[in-house]
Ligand code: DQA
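For reference, the chain that follows is the form predicted on its own, supplied as structure tokens.
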């Protein structure tokens, strides 16, 4: 059975409570449940983790590069600052999709640049929780599970 590593970055554990006008009312648990349901159709196992710590995210990528067929990542605030996560994705060498609940280009200027986008297969943003499902479907296509 193929595995996909799902990484939720900093503060995503607060979804549903934190700035619902931007991030919506859907919780992280609900997003993970929707991802599990979608993955089940393709007999894919998800390894879903959330961390507020950059080094832990880097470790997750490194530890799973030989176990997972792909990575679905919402680096959250680390999108704009983390060379370490960027380098870990490059080093893993497996298909990766970046997702965001909001459209980073319609937000504050400091959020417009992603250090992650240049090293992933694609980025899906601005569709709220649906961004995760769209990202998962794209990743499934990339790893030829369908």
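All values reported here derive from a predicted model rather than from experimental measurement. Positions refer to the first chain, counted from 1.
Keep in mind the form predicted in complex with the named molecule is missing from the figure; the text below concerns it.
Screening 64-72, 85-93, 98-106, 44-52 for residues having heavy atoms within 4.5 Å of the named molecule in the predicted complex returns a single hit, 98-106.
Shown alone here, residue 80 lies within 4.5 Å of the named molecule in the predicted complex, counting heavy atoms only.
In the predicted complex, the named molecule sits beyond 4.5 Å of every heavy atom of residue 17. Interface residue remark: residue 10 is counted as part of the site for the named molecule in the predicted complex, having a heavy atom within 4.5 Å. Among heavy atoms of residue 111, some come within 4.5 Å of the named molecule in the predicted complex.
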